[in-house]
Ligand SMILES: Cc1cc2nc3c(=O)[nH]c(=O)nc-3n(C[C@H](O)[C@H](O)[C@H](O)COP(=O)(O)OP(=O)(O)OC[C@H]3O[C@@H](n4cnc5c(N)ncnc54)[C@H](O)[C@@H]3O)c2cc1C
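Here you get one chain, nothing else, as structure tokens; it is the form predicted alone.
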């Protein structure tokens, strides 16, 4: 059996390995448009050690992902963060992140009283007495719109968007509730099903209650790899035994009775997996599943930039894992800092300080295309403004700038319905599968799980 996989990112490489495990004699060819494997995972060889400039961690409490890494003999390479908390910069002050609640959405004003006005605090506490939310069970709504209507703008701009932006490169106004905070959407479903009054504060408090009753776990929440995520994507490529072709841009695919064909293919393929970003997948589906391709065009991508900086000294850098920036904070261009050498103990031995500055949310294309010199200056200026740490005085010895054009899909309130419809249409084409972050959700475990499911359907 001949398999073609378009895309050599995490989804494509995981797909290749799972096909190999299911069909040891398969011919597996992977085609990648860029000059490297790994996709949105990128480990950079700083002089002092390897540092991730793409995704930097995974959800360790996803046992399926941990089991998968162990099956690759990578279990002993997993490391964990220090446990230091991040801080929030809002109102020209560095302050604590809201505790409790759900992704910055509080169940009462207590969690955000230090961030919002007394009027907003009173509004939060009175939300339970307001008219109920007109909630459709199983549906989705815009996160920003919902929270603004129930709690006001300050909660969205100073808390919710800051937390969500670090994960999705979007503000709350560009994201769907069920697509990004399914726990809270499920809580609203339960209130509606029980015929109880549907309020935001009530749903948040039910999430908090459920967590308090869940069995406690001493396991760390997050994990990474001591040698960076290059350990993962290099191992996937090796163990899959696939032939990987770089710098091959596939622009069109056809299918006839002999199989799938495209430029660069020496012979037809029996089965095909598209492990590409949504716009690319939409283009490649044009002749294979035209309606699916048109449907997928509605998925937009968010651009971002990561500037990695190595300083000779860490003196004056706060003992925190990083900083999130409120979206209504004036005079600051960066959206977040990660103090990598503080957050990840395995990087601390390198000496000095490693800091990642992140720029760009959905729609902020101008900043993501800025010159590197400007990005570095903005990062240094903002770092000093927020923390007092003078990176120029500390000695900036290394810089690496990584632009992620189309780094993440925008998971808006229509996203889940779009994915479901695309899957329905794809199922009508024998031998065809799609996978990737747009299909399975954000985060490394979610991408891996979606690739596993795609192969199970394909190999069957």
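Computed from a predicted structure; not experimentally measured. Positions refer to the first chain, counted from 1.
Only in words, not in the display: the form predicted in complex with the named molecule, which the text now covers.
Student: Applying a 4.5 Å heavy atom distance criterion, does residue 396 contact the named molecule in the predicted bound form?
Tutor: Output for residue 396 is no: heavy atoms all beyond 4.5 Å of the named molecule.
Student: Give a yes/no on whether residue 31 approaches the named molecule to within 4.5 Å in the predicted bound form, heavy atoms considered.
Tutor: Residue 31: contacts the named molecule in the predicted bound form.
Student: With the cut-off set at 4.5 Å between non-hydrogen atoms, does residue 6 touch the named molecule in the predicted bound form?
Tutor: Result yes; residue 6 sits at the interface with the named molecule in the predicted bound form.
Student: Can residue 449 be called a contact residue for the named molecule in the predicted bound form at 4.5 Å between heavy atoms?
Tutor: Output for residue 449 is no: heavy atoms all beyond 4.5 Å of the named molecule.
Student: Taking 4.5 Å between heavy atoms as the contact cutoff, choose which of 426, 41, 65, 419 touches the named molecule in the predicted bound form.
Tutor: By the 4.5 Å criterion, the partner-contacting residue is 41.
Student: Name the stretch: of 431-439, 65-73, 43-51, 387-395, exactly one has residues whose heavy atoms fall within 4.5 Å of the named molecule in the predicted bound form.
Tutor: Selected range: 431-439.
Student: Can all three of 55, 280 and 408 be found with a heavy atom no more than 4.5 Å from the named molecule in the predicted bound form?
Tutor: All three within 4.5 Å in the predicted bound form.
Student: Do any residues of 228-265 have a non-hydrogen atom within 4.5 angstroms of the named molecule in the predicted bound form? If so, which ones, in sequence order?
Tutor: In sequence order, 248, 249, 250 come within 4.5 Å of the partner.
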